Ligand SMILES: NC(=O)c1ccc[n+]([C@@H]2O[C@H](COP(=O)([O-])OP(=O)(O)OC[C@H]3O[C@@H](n4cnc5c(N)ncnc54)[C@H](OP(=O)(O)O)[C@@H]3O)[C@@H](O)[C@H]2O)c1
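Listed next as structure tokens is one chain, alone, in the form predicted alone.
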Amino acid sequence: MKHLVIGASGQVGHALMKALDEAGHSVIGTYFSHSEPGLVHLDMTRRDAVENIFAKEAPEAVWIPGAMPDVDRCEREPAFSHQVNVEAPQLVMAAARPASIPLVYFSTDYVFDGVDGPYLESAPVHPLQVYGQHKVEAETALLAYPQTLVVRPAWIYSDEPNPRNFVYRVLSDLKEGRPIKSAVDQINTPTPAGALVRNALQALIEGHRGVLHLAGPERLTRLALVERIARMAGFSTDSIQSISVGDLPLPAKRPLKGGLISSYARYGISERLEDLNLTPLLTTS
């Protein structure tokens, strides 16, 4: 199949490009603000730009990992968030609809309030912040198109040596001896980017449509996650400070007792944090 990945320069997009290539698919990736070799520029908020790339590339499947994922910026700039996180994906859907092209949209666990997680796909959504509200709005619009697969991950990590990768940031702070403040009262299901995109690809090819939760097998506090990264890399945990989410000056509310589980065992992720190869991160962070 020929795939179009909108937002290929991000952490999920990067893993997706690699997975599609390794699986033998033809793939075209786009970027908006972070240029990378081999990617083409696309502003998915422009209808003409979206229509042009569909006409030029004629994709057989389209992926949207691209978004405005800065939760606090979305809270401060709700109009911008709506344009990128709600309106733009609908432009992509409109371009895909005439040829019934399958569409995979990456959403978030922030569609839930984190009161009584972990959550199944059937759980009612209740976002706490603008980012989550806009993801719910996008999901609702896109699911009206029968060829849409909505994938919800949580706390994505990878072996990518890039500051957008949480593991990379933690290792950078540890190497520089900077103190790390980590919440002891926020819990979730960390998700490896590689397994996430491989399982999403399997679901797409097998014809799965609707909402699908793809998350790691463990439920950890943010503090436990950071401490585990430190121990895996051979660092002391002395510089890691336990705090509450309420101690942080964050404009947007965070779900506390979060996490995702799936009704679809065949797409379950078994890969744990310990399976991550830290070598490329330790040599560059």
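All figures in this text were calculated on a predicted structure; none of them were measured in a lab. All residue numbers are counted from 1 along the displayed sequence.
Below, we refer to the form predicted in complex with the named molecule, which is not included among the displayed structures.
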| query | finding |
| --- | --- |
| Contact check for 112, 186 and 259 against the named molecule in the model of the complex, heavy atom at 4.5 Å | no |
| Heavy atom contact within 4.5 Å of the named molecule in the model of the complex, the stretch among 246-254, 53-61, 30-38, 233-241 | 30-38 |
| Partner contact for residue 145 in the model of the complex: the named molecule, 4.5 angstroms, heavy atom | no |
| Residue 168 within 4.5 Å of the named molecule in the model of the complex, heavy atoms | no |
| Contact flag, residue 164 vs the named molecule in the model of the complex, heavy atom cut 4.5 Å | yes |
| 4.5 Å heavy atom contact, residue 213 to the named molecule in the model of the complex | no |
| Heavy atom within 4.5 Å of the named molecule in the model of the complex - residue from 174, 95, 104, 84 | 84 |
| Within 4.5 Å of the named molecule in the model of the complex: residues from 111-149 (heavy atom criterion) | 131, 135 |
